[in-house]
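What follows is one chain in C-alpha cells, specifically the form predicted on its own.
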C-alpha cells in the first residue's frame, strides 16, 4: 500500500497542490481581515476568541472540503470517466488497494490542510490584529491542548465528510456532481438552525456523524467500483 501511495504521489502535480494550499490560506486570511473592518460583522462574528476560532474553522473546512472534491475529481472520477483507470487495473495489484491508495492520499492532504490552515489563519490574523486592531480581543499565541485535540478530532471528522461527494460523483462519473455535492454539504453545515445564528457545524455531533457516514460511503463505493467491468 505504501508503494502504491508513493507511485500515486509521483503522478500528482504536488507543486499545484501546494500552490492551491497557499492561495486558499491567503484568501481566508484576507476574508478574515475584510470581515474585521466592518463593525457590524465584528459585533456578529468576532465578539470572543471562541467566535474567532469558530469562524476560522468554518472558512477553512468549507474551503478544503470543496478542494478535496476537486482532488477526488482529478485523480478518481476523471480516470473512470476517461477509462484511463483500466490501465491501472491491468497491473497485478488489487483494484481495491489502488483505489484506497488514492483515497488515503486525498484524506491525508485534507487532514493536514485543515489543521495547518486553521493554525496559519489564526496566527496570521492574531499578528495582523496586534498591528491594526481589527478587534479589541487579545488573541494569544498559545492554543490549549484541549483545543488542539478538538482540532484533530474535527479534522478527522471532516476527512470522512469530504468523502461523501465520491458517492455522487461515481454514479455517472461526473466531476460537476462531485464538486456540487461538496458545496451543498458546506452550505448545509454553515446554514443557521435558529435565531441565534447557530449552525449545524457548531453542533459537534453533526460533523462527526457525517464523517462516519463518509467513511462508510467511501468503503461501499470502492467495493462497488472494483466489481465493475470496463
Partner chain sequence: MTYILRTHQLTKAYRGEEVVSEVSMNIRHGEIYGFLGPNGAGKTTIMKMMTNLVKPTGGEIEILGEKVHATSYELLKRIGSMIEYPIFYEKLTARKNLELHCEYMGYYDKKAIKETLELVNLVNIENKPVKDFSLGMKQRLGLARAIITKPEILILDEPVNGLDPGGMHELREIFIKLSRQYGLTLLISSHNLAEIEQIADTIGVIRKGKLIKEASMEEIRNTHANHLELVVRDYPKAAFVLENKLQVSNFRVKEDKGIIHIYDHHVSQNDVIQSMVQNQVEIASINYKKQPLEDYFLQLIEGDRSHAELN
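These figures come from a predicted structure and were not determined experimentally. Positions refer to the first chain, counted from 1.
There is another form of this protein, the form predicted in complex with its partner chain, and it is not shown here; the text below is about that form.
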Of the residues 151, 116, 103, 93, which one places a heavy atom within 4.5 Å of its partner chain in the predicted complex? 93
Would you mind picking the one in 156, 139, 71, 98 that has a heavy atom within 4.5 Å of its partner chain in the predicted complex? 98
Counting only heavy atoms and a 4.5 Å cut-off, does its partner chain in the predicted complex sit next to every one of 11, 86 and 89? yes
Proximity of residue 82 to its partner chain in the predicted complex, heavy atoms at 4.5 Å: yes
In the predicted complex, is there a heavy atom of its partner chain that lies within 4.5 Å of any heavy atom of residue 7, even though the partner is absent here? yes
Where, among 142 to 150, 74 to 82, 122 to 130, 108 to 116, do residues come within 4.5 Å of its partner chain in the predicted complex by heavy atom distance? 74 to 82
Going by its partner chain in the predicted complex, which residues of 155 to 191 come within 4.5 Å of it through any heavy atom? none
